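What follows is a single chain, given as C-alpha cells, in the form predicted on its own.
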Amino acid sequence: MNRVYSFLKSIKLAVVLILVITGMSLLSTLIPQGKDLSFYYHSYPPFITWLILTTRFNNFFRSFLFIAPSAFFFVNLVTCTIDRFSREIRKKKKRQFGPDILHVGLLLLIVGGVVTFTGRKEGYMNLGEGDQINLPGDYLLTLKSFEFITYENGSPKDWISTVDIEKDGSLMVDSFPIEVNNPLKVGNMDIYQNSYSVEYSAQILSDSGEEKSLAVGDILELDDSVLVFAGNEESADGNLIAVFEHWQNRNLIDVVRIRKGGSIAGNTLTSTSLRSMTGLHAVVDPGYTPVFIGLIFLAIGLFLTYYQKLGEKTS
C-alpha cells in the first residue's frame, strides 16, 4: 500500500503525465477535430483513418488518450496536496501553505475544464430589429435596435445590439447594449456580439393575385429550368434591383436583374428590401465558476509562496 501511495504522489509521475498530456495535445492539433466521418476517410490512408477513429483522436479532449492521463494527473495532484498539507500541519513553525493553495487552484482548474468540456452549450442567432427569440430558462430576447459603426475607410469599428430581456411577462433587462467586448449575462448564460449580415428579400405578385415574399435561395420554377433569388443590388440611381440566377440542368445560363414593377416568370416584382442582421452567440458554461475560483486560489498560492520565500531570504 505504501508503494502505491509513494507512486501516486511521485513528482516523476507528475512530470511524465504533464509531458504525455502536452505531447498528445500538440499532436491533436495536426488532426482536424469534430469533422464528419467521411472527411477522415477521404483525407487519410485507411490505417491512419482507422487509428484516428478507434482512438477518437478526431475528438481528442473527449477521448481516452486525454481523459486517462488527465485523471491520473488529477489523482497524483490530489495525493501530493494531501501529503504535503498533512506534513505542513504537523510542523510547529515555519508552515508554508502557499504550494498547497496553489495545488488546490490547479485541481479546481482541472474540474472546471472537465465540467466545461462535458456541459458547455452554445448557439447562434441572427436577428433583425424587432425580432424576438426564446432562450433557455424561459427568457424572451427582443432586439430593439442594431447599429453597425465603421471607421472612415469603411472597415468595421463596432457592432451594438440593444436588447430587452423578459421572463414571465416581466422586463428583466432594459435596453442593454451588447458589444464585442461587452457581453450580456442572463442567468447562467452569456450573450456575445458575434457577427453582422444583411438579409435580402423580394416581394412578388402572381398573375392570380397571390403575394409571396422571397428570401435568398428561394426558387421560381419554369417549364424546364428554375430561377433562384440571389439577393438585391443597388442600381446607379440608388434603387434596389432583384437579382435572379437562371439555372437549367445544374448549369447557370443567365443572371436576370428586375426592377420594381418588372415581370419575371409570370410574377410582378412589387418591392425589394434589405435589413441589417446582428449575429449573437449564446454560451452556457457551467465550468466558469470552478475555473474562476481556481484562478483566485492560484493567485493567492503564488503570492504566499513568493512572500514566504522572500521572507526566508531576508531572515
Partner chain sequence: MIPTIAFILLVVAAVIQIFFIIRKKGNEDFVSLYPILGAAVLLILTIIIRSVQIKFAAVTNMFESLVFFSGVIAVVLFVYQFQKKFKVHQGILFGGTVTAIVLLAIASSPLAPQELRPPIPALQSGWLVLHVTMSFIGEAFFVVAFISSIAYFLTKDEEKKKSADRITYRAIAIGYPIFTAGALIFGAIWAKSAWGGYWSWDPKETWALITWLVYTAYLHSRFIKRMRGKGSAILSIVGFLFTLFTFFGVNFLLAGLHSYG
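Here the structure is a predicted model, which is why all the values come from computation and not from measurement. Numbering follows the first chain given and starts at 1. Definition used throughout: the rigid core is the maximal C-alpha set that superposes within 1.5 Å between two forms.
Another form exists, predicted together with the partner chain; not displayed. Remarks below refer to it.
Remark: of stretches 134 to 142, 100 to 108, 168 to 176, 209 to 217, the one touching the partner chain in the model of the complex is 100 to 108 (heavy atom within 4.5 Å). Taking the partner from elsewhere, I48 is found to have every heavy atom lying beyond 4.5 Å of the partner chain in the model of the complex. Among heavy atoms of G231, none comes within 4.5 Å of the partner chain in the model of the complex.
When the partner chain is considered in the model of the complex, R120 lines it closely, a heavy atom lying within 4.5 Å.
Taking the partner from the other structure, the partner chain in the model of the complex has a heavy atom within 4.5 Å of a heavy atom of Y288. A heavy atom within 4.5 Å of the partner chain in the model of the complex is found for exactly one of T29, Q248, S263, S273: T29. Y192 is the sole member of F146, F244, Y192, Y200 with a non-hydrogen atom within 4.5 Å of the partner chain in the model of the complex. Interface residues of 105 to 125, taken as those with a heavy atom within 4.5 Å of the partner chain in the model of the complex (partner not displayed): L106, G112, G113, T116, R120, in sequence order. Annotation for Y44: C-alpha shift of 2 angstroms or more between the shown form and the other one, rigid core superposed.
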